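What follows is a single chain, given as structure tokens, in the form predicted on its own.
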Amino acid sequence: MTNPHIRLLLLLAALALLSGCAKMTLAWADLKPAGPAATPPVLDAFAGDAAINTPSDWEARKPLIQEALEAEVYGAFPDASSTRVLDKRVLNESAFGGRGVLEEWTLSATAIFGDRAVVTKLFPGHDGFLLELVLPAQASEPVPIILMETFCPSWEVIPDPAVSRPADAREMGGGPLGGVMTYVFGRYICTPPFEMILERGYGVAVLYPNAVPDQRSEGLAELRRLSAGYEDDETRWGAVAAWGWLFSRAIDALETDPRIDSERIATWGHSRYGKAALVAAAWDSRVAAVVAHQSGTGGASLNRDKKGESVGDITGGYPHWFAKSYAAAAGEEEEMSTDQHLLLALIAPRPVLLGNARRDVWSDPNGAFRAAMGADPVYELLGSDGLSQPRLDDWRPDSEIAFWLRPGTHGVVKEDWPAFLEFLDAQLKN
């Protein structure tokens, strides 16, 4: 087969990999919010609970919202969890031109449903999963951490030969496919600008969430294994919830290291992992800030009155991402008791950046902005300014709900990371 044919096949494979959240379109997102307000109103009576008037009322409301989102969208989280650090290795004391120290941690996470405890798997025959950690060299005080889940395996994300690479690495992703993904979805879809991040004083923790495979049959099988002891198949957790859970298990380990400021750990994710970054923060109060870039359906964008990807589209293409109950709601979204503004409200008053692109209508930037508007009353109730911009393109990184809209389509491009760091500087350094 000729090289052009190989390149074409790799291009088609990359498009297929991200097509669930990245269908190309010539449409443009509106710059002003358009469509009905998010329902139910976030401070109104909910699930038998009276209307919210005080911050303490809201704290009492949060478990009800979590239960409803688990039942209708994400599936049930474990009853309890635990994390062990199995190993820590220094891979490179002078990584990225001497700017950083590269380490590799092996973690083991246990999910407990009922009386059954199940441990994550890394590679065949091994328990646990890998966390790659890059810390600024010679930092004089504990550093904030950007904790990210990535599409590409860690040996592609971090260009250092010391990073662990299993024997079946080609089957697990990376290689030429990683290069094609970078061409199609932007220069930072696989590898973030480590030098830029380190120079701004942040550490980076990279989690390739292959402990829950992102394939239909393999993913569903592993989700069933990890939730052994949970009987209701309709509300069994999906991969998005499990990936969010993995964020929290990484935080368990990171907060034990004195070099890391455990009160300044931000979750970062693009597309499906943007959904997981939001879920992690909504269920784990230790997350200090969130960067959820183009998280779309099942993430920041409303289920009702939406453009682009529908509930039926996403659950049909990716049945392992959510609870079966979410798929059952396709076409009947008006009957749901929840919508995605409630997910954002659970994060309040902590800062969240919702990243979008104007031609990425499949991810529904307008629906994400209306969800931010719907969550804003909780931020204000808790003493935060929340969403302060009136339009999608009025970038305000110092707002607790910051909405980033750039030109272009789905991906992580050169304009994105300077905006992400501007937001994190405003929220975590001041």
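What you are looking at is a predicted structure, and each value in this text was computed from that prediction instead of being measured. Quick note: we count residues from 1 along the sequence shown, nothing fancier.
Form predicted in complex with a small molecule: not shown, discussed below.
Proximity to the small molecule in the model of the complex, defined as a heavy atom within 4.5 Å, singles out one entry of 151, 194, 155, 202, which is 151.
The contact with the small molecule in the model of the complex, taken as any heavy atom within 4.5 Å, belongs to 314 out of 314, 211, 336, 102.
Stretch-level contact analysis of 216 to 224, 318 to 326, 137 to 145, 104 to 112 against the small molecule in the model of the complex, using heavy atoms and a 4.5 Å limit, identifies 318 to 326. Mapping the unseen interface onto this chain, residue 303 falls outside it, with no heavy atom inside 4.5 Å of the small molecule in the model of the complex. Though the partner is left out of this view, residue 58 does not reach within 4.5 Å of the small molecule in the model of the complex, counting heavy atoms only. Although the partner is absent here, residue 132 sits far enough away that none of its heavy atoms falls within 4.5 Å of the small molecule in the model of the complex. Interface residue remark: residue 362 is counted as part of the site for the small molecule in the model of the complex, having a heavy atom within 4.5 Å.
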